[in-house]
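There is one chain below, alone, in structure tokens, taken in the form predicted on its own.
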């Protein structure tokens, strides 16, 4: 693209103003860096120009590089344009409104001064894409704010607010002027004659203490290693930060350049880029007019003040959406509101929320006892016990009281949406909004379409979820929808391998080595073994051939429901949530295996991993065959944000492609012969394997 179309240069009051313009967020597109370089050269050659301002049009500075450029050759890099800004003989002021991320912040760091508005958000999020800052960020940021603060921002990938940036020294000035351009020009004129220029690359005061204290760097390195776990990029970023402390600027820059190049096309970065684009693709509904703009949900209601309902209410309040929480029992309502308050108080104790902000959010949550009190809400989410008859009663009542056009949503994790819709006279307004527990923490909202759900309802539910800070993806209505349905075979194999001789601790160890933060049994103890117990009973009643999971059922019937009862798959000491293997569980497993006549054997780690994940890959293909998901990448998004699937693996279907559809299909066919119908191979899996294709590219058949 022509640089002139992306970068404007003009002179105002003796200041050269360089304006980058690439809507909507001024991502660094090809030609933009060249335009900045050309503008700086023009300003330095003009005797009438005393200083420069670099600013973004449209409410953002520069929101980083266009991610589609990563992995491709670039004629001019951020390193090049940053070098030109740094070397300018006249002072350059970065005027920051909105986002200054990645390469955007690296341009700002290369400027001599930084002025920002209260809307400014600054960060170097490259590690979330499996890479490190490559335009000098790992060298300039430690010199500007110190290595500890720099490591915190770079390794976490988080955004710093304007107030934090000012406190850290990342911003020199925070302006409340309504016209940032005019304020930046005035500031540039005030520093025009200051010499020497305060080049960040030449600063040494913020790294001097660290250079003299190797123990501090060692402690910082260990802290980063603990947080990095399976990821390479944070460790490489830390190595570059150490270089900023210990080596001259140019040497550190060369190291950064080399490490960036090594990471850019590594498997980790490719998987993380795929995940990034999959999340954005999941927001798109095939066949829905792009011109439709859904109305925002400005007021909401939640039916049920239990753990799930309370978490959803907190998520609404966190998003600034007033919410009413309804319980027919005063006792249950009081208990639920107390739990909500305790959740906010825990955040205050951790320092992630101020007491004043807590009270603001609590004020957005109103407890009510009757349905008439919620009649005017834009949306209502039912979050009562997972029983069909109770949910039907709730939706019948909602149909009577809710205003026309209100979105009627169920948080059910498995029950057919059409069952609830049939209890109303407006099935087009009914959909699923399946939040994952804890709803105020987990990022996934699975929006579920029933056979009569309108496109307008889906769009509005998706917007509501995004406004709540959730990652949303659409599923069709079936038992378990797309997320839980695709995961159920994994959990089934987990339990059945116990009967064959595997043990909870070994399976948990394999899955943590794969990249999960916790193994499935430890997670099950946290969520409660009884949560899935009712669902298994329902499936067994509906299907005479259903393969019962005797071990977890027996543990639940013994009262072992997980951490909340002090024992589940593991034993827990009072006040200690560390899982301890328990011989009682081994005895239950041995008894079940003996009763079923199943011989115990040992498992190697690869068989465990493949038994668990191949089962779900096969089922995910069936979900697509049945039209219950639009895209394989949507299922990947659900696994990433609903089940903690390791992000550096890309997602279930992306990971499957690293194994190969052909290999997976052959193994599934073998296990079908050995274990029976639960391993019946998906036709889609077979077709992709035969064609040598990629599972991540598969799309769902149109839902009937």
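Remember, predicted model here, so these are calculated numbers, not experimental data. Positions refer to the first chain, counted from 1. Whichever C-alpha set is largest while still superposing within 1.5 Å between the two forms counts as the rigid core.
Below, we turn to the form predicted in complex with a small molecule, even though it does not appear here.
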(message) Just to be sure I understand the contacts: of 640, 27, 55, 43, which is the one whose heavy atoms reach within 4.5 angstroms of the small molecule in the model of the complex?
(response) 27
(message) To verify the annotation, which of these, 634, 382, 525, 106, has a non-hydrogen atom within 4.5 Å of the small molecule in the model of the complex?
(response) 106
(request) Mark residue 126 yes when one of its heavy atoms lies within 4.5 Å of a heavy atom of the small molecule in the model of the complex, and no otherwise. (result) yes
(message) Does any part of residue 546 reach within 4.5 Å of the small molecule in the model of the complex? Heavy atoms only, please.
(response) no
(request) Evaluate residue 601 for contact with the small molecule in the model of the complex, applying a 4.5 angstroms cut-off between non-hydrogen atoms, and reply yes or no. (result) no
(message) With a cut-off of 4.5 Å between heavy atoms, is residue 85 one of the residues that contacts the small molecule in the model of the complex?
(response) no
(message) What I'd like checked is whether 532, 622 and 681 together line the small molecule in the model of the complex, meaning each has a non-hydrogen atom within 4.5 Å of it.
(response) no
(request) Please name which of the stretches 479-487, 88-96, 232-240, 269-277 has residues with heavy atoms lying within 4.5 Å of the small molecule in the model of the complex. (result) 269-277
(request) Please say whether, between the shown form and the other one, the C-alpha of residue 290 moves by 2 Å or more once the core is aligned. (result) yes
